[in-house]
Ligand code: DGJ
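In the block that follows, a single chain appears as structure tokens, in the form predicted on its own.
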């Protein structure tokens, strides 16, 4: 059983394949957190607590005169609250009907449910009844009548535990939520570091590792979305932990809006981590009987390093977040016209690109920005989702049908959340744009944002896009959002409820996406937030892939995709081969390197294919053949980070079949040196006792002229899995700047002459 309960001692233990999570309701009805880590037995870990008088850490009234060692300020709690003696960062802050800000949460009961809980209107991990169990623990503030239910979903085979919170006002007076976190996790001891991912537009998911020090550290977003600046995902690990060793914890917030993840080391060196909706611009009024769900967090623990945390999360997202027909279906290799044409194109130019792309083996043509309304630059037309037939030279339906007739699939770019002042939609409904009455709004990229917190706006978008998509043979939609949100105000909310705007916006977005993906199950939706500005597990619930960054430079993408790999699977990362010199950096990299980088994702092209040489077109054919040959391995294999792009001379990553029968190694030299030190890679995920052969993939066989390849690449040479793991193989040297290599490792029988 995944959930084990000792009713006598009121101890709750959650067991996964390799981890244990435990809590206990104590004699004061406070729900204590007692343990999370390597799998242990079900014994009561609270017996190991050490309590002492911490001076100026107050005590509950009933104990204040008899036990000064008992203080909420120094106890490990399961869900902390503000205002009643805990002075650390807390999970919950409420304003009661009398204006006080205090909640004294006490345990009142529990229940166990078969299967995994869901959250109405929001994304959450899903699982069959046989794959998961749910524990619900009830807490109550007796003075206000507020009930807090803590939900725990246990997917024991994946080593994953999810957490969410439901808050209900059972009283008669209004309660205002000022802060509502999804989880609180306390560690009794430990010297931890945490890994977070910061960035900016065009340079997302930068790796950052630092110690948890005394005081408060935090990452978050108040930009209306999860943002380019910080990703809603962190790893907490013990000092010295690396990819293969050490105790590590991963936390992914399944939410696409404003968030806050905080860590604090307190006065007695205990560590607390809290994750939830960002409180700076948040408040939510609960009338009597009202309920509020706080979004979900996915948690996982590994005693075997950071890499195992990543692989646990990859599997959880691929199998239990992503949904629909395209969850496991092979996705087409695409070409997007954006960097080929930008806004300047005709229908004939688009068809010419599609024809040439088809000849090279590309399967999907994607029409990007500029096809609708009065749209010749990024300052006009947003909101007018009606094709510009004069520009296209035909109807959108005719254009799509001509491309489909060439044997290609057709896809289209949309930015449904944006609106231009110079648009028919704005002239009809200026009140639909987000802005504060009496104040001039902030423009970003010359545009405003539609108020998705309003049901009438949601209904309009659903109706208009359903009409558009239903009228053309479309199999792919790129859903973009190219600005952050400020001037937060909705004309549909009372003055006292404007703090609900940001969360209601995200709920409205989720409603629109749920309806459209339900109506068009055969369309592959890709999310985009000006690149990686909304790269989160919440969006992956509706769209199984996300455009990783507006930067297409292969070398810059190494670090972007390296950072993303810590929390998100390869199948979620939108990646394209672009032209050189690169449009963002001016860097020139070999076509083979650009292809190698893009194969660590969903794979496609974004360039003017008519400008390529015959040799480049031949190479593209080989790239596509290679990608398709290894598609299942790349998209569903176990991912290993070998060498980081942040150090050394060569970035190396590996994807291994879970069976250990094959692996694909990819290497990109990001710093080429004269007389280089050999780059030796210890291959992971193989079977020690099995034999393996090494092959350069088809598009790299001719990239090493006139030089001897390292041992292992010769015909018939067989190496054991143990040798590859312990001693490794040498990556061939670079023969030009930014050289890449792809090496396929395949299990094979030992030759009869091989020494046993």
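Numbering follows the first chain given and starts at 1. Quick caveat, the model's predicted, so the values are computed rather than measured.
There is another form of this protein, the form predicted in complex with the ligand, and it is not shown here; the text below is about that form.
> Hey, of 670-678, 543-551, 394-402, 279-287, which bit sits against the ligand in the model of the complex at 4.5 Å between non-hydrogen atoms?
That would be 543-551.
> Would you please decide whether residue 369 lies within 4.5 angstroms of the ligand in the model of the complex, comparing each non-hydrogen atom pair?
Residue 369 belongs to the contact set for the ligand.
> Using heavy atoms and a 4.5 Å limit, would one call residue 587 a contact residue for the ligand in the model of the complex?
Result no; residue 587 lies far from the ligand in the model of the complex.
> Is residue 194 close to the ligand in the model of the complex, meaning a heavy atom pair under 4.5 Å apart or at it?
Residue 194: no, not in contact with the ligand in the model of the complex.
> Using heavy atoms and a 4.5 Å limit, would one call residue 528 a contact residue for the ligand in the model of the complex?
Contact check for residue 528: yes, within 4.5 Å of the ligand in the model of the complex.
> Taking a heavy atom within 4.5 Å as contact, would all three of 338, 413 and 445 count as contacting the ligand in the model of the complex?
Verified in the model of the complex; spot residues all in contact, yes.
> Pick from 482, 169, 502, 221: which has a non-hydrogen atom within 4.5 Å of the ligand in the model of the complex?
That would be 482.
> Select from the listed residues 163, 311, 179, 478 the one whose heavy atoms reach within 4.5 Å of the ligand in the model of the complex.
By the 4.5 Å heavy-atom cutoff, the listed residue in contact is 478.
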